[in-house]
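To begin, one chain is listed below as C-alpha cells, in the form predicted on its own.
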C-alpha cells in the first residue's frame, strides 16, 4: 500500500467517507473477514452493520443484539460475520445479515474483552476472572485469575492466550490444557494487553500511567513511564518493529528492532493533535498508524516520513474505537457520542 502524506492534497482535502449518527456510544468496531462489512458495537445493545464501501447505500437500523450495552466486538474468525459480547453476559455470533446465534450465556457477568486468531479459527473472551476459549472442540474455561481479566490476546501461532489482570499477566497453553500457566508478574493493575506480531513480546498498559513489556524467551521485562494518563490502547506494527501507544498528543512508537527499547527514548512524530490520543491502530500491512483523540480528532501517521494528516477534525467527543479493513484501504472509527465513520483511503 502506498500513501504519500507529503502530497499537498492530503493536507487540504479530506478523503471520501461515510458518517452515520447512532445516538449511542461506540465501544468497538471491526471489519468482517472478507472486508465487505463493518460493524459497530453500541451502548444501547445494537450492533450496527454498514457496507464497507462508502458509496454503497446503507440499509435501515438493525434490531438490538444484546439486552444491555454491547461491550466487545471482533470479526468472526471462521465466517464473514462478527462475534459480540455484552453486559447481559451473552456471547453472540452475528451473521453478515445481523442474525444472532448465542454461543454462551453467563448471567450476571460481563463479556467485555474479545480476541481472535484468524488462521486457526479460535477466539477468546473474558468473563469475570475467567478466560473462555472457543474453537472446534467447543467452549473451554481458563482460570480463575487474581482479578477480573482486563485484556486478552493470542500468541502469533495461536497456541497460547495471555490474560492481563491485577499483578501481571497469565499465559495459558490452549492446546495442552494440563500444562500449568506461566506467570508474568508486575505489581499493579494491567488495563491493556497486546502480544507482538512476531510473538516475542507481551506489552501491557498499567493503572500507573506506564507500559510494561516482557521478552518471552528470556523472561526479562522492562518499564516505560512518564505518560500523562493511563495507556489503554496499544498496537504493534505489522513487522513488530514498533509498539504504538495512546495517551500522548503525538504518535508515540517504542523501537523493538535489534536490542529493543532499553535505554532509548520513543520515536514521536506527526503534528500535535487537539488533546491526547485515546486509541491507536497500526496498519495491517504498511508503515502507517491511525490515532483518535479525546477531542474527536482523527489522524493518520506515517512513521517512515514522520508525517501525519488529519482525517477528521475535533468535534468534542472522544474517539473510542478504530479498526482497519483487512486490505488496509479503509478505516473505521467511532466515538463516545455515537458517530460511526468509515474512511476510504484508496486513491
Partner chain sequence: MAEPQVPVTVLTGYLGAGKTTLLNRILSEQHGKKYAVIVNEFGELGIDNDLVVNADEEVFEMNNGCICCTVRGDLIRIIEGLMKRKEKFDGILVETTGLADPGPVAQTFFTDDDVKARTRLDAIVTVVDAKHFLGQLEQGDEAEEQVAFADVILLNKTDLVSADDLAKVEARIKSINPYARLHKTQKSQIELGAILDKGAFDLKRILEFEPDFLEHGHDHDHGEEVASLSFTAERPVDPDKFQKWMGALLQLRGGDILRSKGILAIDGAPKRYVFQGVHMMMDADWGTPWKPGETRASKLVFIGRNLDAENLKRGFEDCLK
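The shown structure was predicted, so the numbers you read here are calculated from the model rather than taken from an experiment. Positions refer to the first chain, counted from 1.
Although not depicted, the form predicted in complex with the partner chain is the subject of the following passage.
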Problem set entry | Complete contact of 76, 96 and 157 with the partner chain in the predicted complex (any heavy atom, 4.5 Å) | no
Seminar exercise, completed: The listed residue (284, 316, 64, 51) that reaches within 4.5 Å of the partner chain in the predicted complex by any heavy atom is 316
Exercise. In the predicted complex, which of the listed residues (181, 144, 199, 188) lies with a heavy atom within 4.5 Å of the partner chain?
Worked result: 188
Exercise. Is there a non-hydrogen atom of residue 110 within 4.5 angstroms of a non-hydrogen atom of the partner chain in the predicted complex?
Worked result: yes
Exercise. So in the predicted complex, does residue 268 come within 4.5 Å of the partner chain, heavy atom to heavy atom?
Worked result: no
Problem set entry | in the predicted complex, residue 118 touching the partner chain (heavy atom, 4.5 Å) | no
Problem set entry | Distance check, residue 69 to the partner chain in the predicted complex, heavy atom within 4.5 Å | yes
Seminar exercise, completed: In contact with the partner chain in the predicted complex (heavy atoms, 4.5 Å), from 225 to 233, 97 to 105, 254 to 262, 131 to 139, is stretch 225 to 233
Problem set entry | Residues of stretch 206 to 221 in contact with the partner chain in the predicted complex (4.5 Å, non-hydrogen atom) | 207, 208
